[in-house]
Structure formats: structure tokens, C-alpha cells
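Just one chain is shown here, as C-alpha cells, and it is the form predicted alone.
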Amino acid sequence: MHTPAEDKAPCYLYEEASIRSACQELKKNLPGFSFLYSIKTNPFEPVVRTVCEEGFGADAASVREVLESRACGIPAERIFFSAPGRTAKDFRSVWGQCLIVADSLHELDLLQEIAAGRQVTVEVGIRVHPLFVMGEGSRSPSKFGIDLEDLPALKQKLLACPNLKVVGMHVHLKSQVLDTDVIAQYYKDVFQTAQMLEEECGLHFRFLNFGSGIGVTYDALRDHPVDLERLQALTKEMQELNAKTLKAELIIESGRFVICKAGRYLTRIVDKKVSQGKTYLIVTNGMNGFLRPALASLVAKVSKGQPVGAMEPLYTGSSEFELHVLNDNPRQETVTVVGNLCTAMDVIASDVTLNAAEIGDVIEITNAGSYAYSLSVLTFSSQPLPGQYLHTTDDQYLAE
């Protein structure tokens, strides 16, 4: 059945009902936690407003994301600005518009200088690089957070910053984790680190931000979703201990959970050709509309069938997406879907079996809600840009 969305292709289409359902799933199954929407996953304003209406705060990674969060109605105290490599100019640009989480000892110096210059005491958080790992593997260096190997240096720095009041701690080690037990143990390790820092540094944390980690199932045959009810049960003891000791707000960043599956990418077939027996469907805005499928195809070609680990947020796995031709043709054919850029790298999917298509048909790509439009090579070859629309529950199509 033809839908109005097909007339808007190439475009991203996000379903309001799906976004709200995912938000409500988190709130229902993890009642002991608060939630932040990770703006970087999808900063499209109608999407941010929808998540805001569900009571989520914002995890902002840039000055622009802070200001966009405020414009969407998120209160300053519910916007947590955390990212590496920020400048004094960045901090001054958002002063009073969010809660700033310091990512390094140098950032603590910058914040102290600004606060002292304004003759105020400001509440801040600190992001730490903890002494544990999430799941298997060994601990490795990181550009994120303050290393806890040198705890005396952190203690000394805090003493040298009398205009800063540290009220929270932030840790984030991995994204797209589907092992419920691994996530639960990680939360417990974060909590124990907070207990240690409170005792060692004389702090009192008002909030603990566990970061993200809760993944989504890209491949229904291979992946198993996180069991949110079990996650709540496994962290119940930690939550009870928190209520008796730290009394901190326990925060989870939603990552891609609320938006990934709510999004589809629609692009139109503008040519169909056969070369040496191979059928190509050429679409508008391929790699320069939705980069992740092209990256997955590139990884598959380079790896030659060998397993490749995830490289988030650019690449999750070999079966990240489903493609559908939006027609009712019962006949199927094996095709390679490519974009119209002047590069052989512009491949969306190779040798996939789809409904037999004609020029003018629309192809739909799933799992396009997160790390999609914002990761696209939008300006390559000066091609026209795809649109973005939120399909509302009352059947409207909202553009920015």
C-alpha cells in the first residue's frame, strides 16, 4: 500500500508511537532509575521534543546539543554536558544552561577559573575512567574521563578548586551491550567506585550517571534483547543500598534504545541495470544519505568473511539492517543496491534478495533511527540532502 512517506523519499522517517513505546518500556521495567536521551544518537528536534515529553533529560556532547536541548524544553538541571576536549569558550557558552561534567583535570581548572571570575560556586560532575572493565577484556587507556590510577592527583585538584562543588559522577565504557548480567555487574562496579570516591575525596554525589550500554537487537536471528525486568532484579540490592547510603539519583543514558528501531530510511530507485549478469538498483542518496549500510558493506568486503568486532557508532555488525522494496510484487530477484555517487564504495547491500523492483519504486532500510542522519556524508558531491520527518500518532509528518 502506498503511503505519503514514500512521496518524501529520500528521507528518514521516525515513528512517534515507537519512540514513546520504547521510552515507556524503560520507565516501566527500570523504575529505580532516571533516564537521559543521548542527543548525539538523533538530534532531530521533533524527536528530541517527543522524548522530552516522556520525562527524559538530555545527555549532551556539544554546546549545540545543550542549546538544542534547552530549545526543546528540557530544563537546565536535566541537561548533562559531558564530552572530552572542551574549551573555556564552550563552558562560557552554556553557563547556567546545563550541568557540566568535567572530563579531565584540566577542565576542572577551566571551570574553577570561570566560577572564581564570576564569584560563584557552581555544581559540576566528574567523569572518571574507572579501574574495572565492562565484561571481558583488559583495561586500556582512554581519552574519556579522569584516570583513577592517580587518585591523589584528583584529590589535590579538588582541593585547588574551591568554587566547584562536585555533585555527581559519570562513567561510560561501552555501547550496544546485550548481555544483561554484564550490564548489571557494570552498574554495581560503578556504584562501588562512587562509594570509594565519596570516602576518599570527601564528596557527596547527588547523581550517578552509569552511561549507556543497553543495546538494541539489529539481527533478530542472532541477537537477544536485554532483559530489562531481570536487570531491575539484579540491581535491586544496589538500589536498596543506595537508598541507605549515597542517596544519589541513579541515571542511565538511553543511547540508541529509544530511537534506533523507530527510524526507517526511504530512498528511491532511479535506475536499474545489468552488468555481466549482475543486477544493480541505483538509488538516490545512498552512502551520502545513510552511511552505516555502506560502511557495513565495506567492512564485509575488506574482511572477506572473517569476524570483525563492532566499531561503534559507525559499525555494529554484518546484519545491521533489513531492506525492503515497497511494492507488492510477489516475484523476487537478487540485486546489489548502490547509490548514485561517483565512487565504487557507494554500496548499500550486495547480492540481497528483494521483491522485484522497477525504476521509481522506494527501498526501505530499517534500524535508521540512531547514528544515521547525523553520521551521513551529507555534502559529498554536492548532492541534494534527504529530509527528516516525525510521523506522529495523529498521522502528521513534522519537519524541522
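A quick note: this is a predicted structure, and the numbers were derived from the prediction, not measured. Note that residue numbering follows the sequence shown and begins at 1.
Only in words, not in the display: the form predicted in complex with a small molecule, which the text now covers.
Engineer: 254 to 262, 192 to 200, 281 to 289, 135 to 143: which one contacts the small molecule in the predicted complex at 4.5 Å, heavy atom to heavy atom?
Structural biologist: Stretch with heavy atoms near the partner: 254 to 262.
Engineer: Given that the small molecule is left out here, which of 127, 157, 268, 86 has a heavy atom within 4.5 Å of it in the predicted complex?
Structural biologist: Here the answer is residue option 127.
Engineer: Using heavy atoms and a 4.5 Å limit, would one call residue 50 a contact residue for the small molecule in the predicted complex?
Structural biologist: Output for residue 50 is no: heavy atoms all beyond 4.5 Å of the small molecule.
Engineer: Do residue 38 and the small molecule share at least one heavy atom pair within 4.5 Å in the predicted complex?
Structural biologist: The answer is yes: residue 38 has a heavy atom within 4.5 Å of the small molecule.
Engineer: Using a 4.5 Å heavy atom cut-off, state whether residue 176 contacts the small molecule in the predicted complex.
Structural biologist: Output for residue 176 is yes: heavy atoms within 4.5 Å of the small molecule.
Engineer: Might residue 112 be said to contact the small molecule in the predicted complex, defining contact as any heavy atom within 4.5 Å?
Structural biologist: It does not: once the small molecule is placed as it appears in the predicted complex, residue 112 has no heavy atom within 4.5 Å of it.
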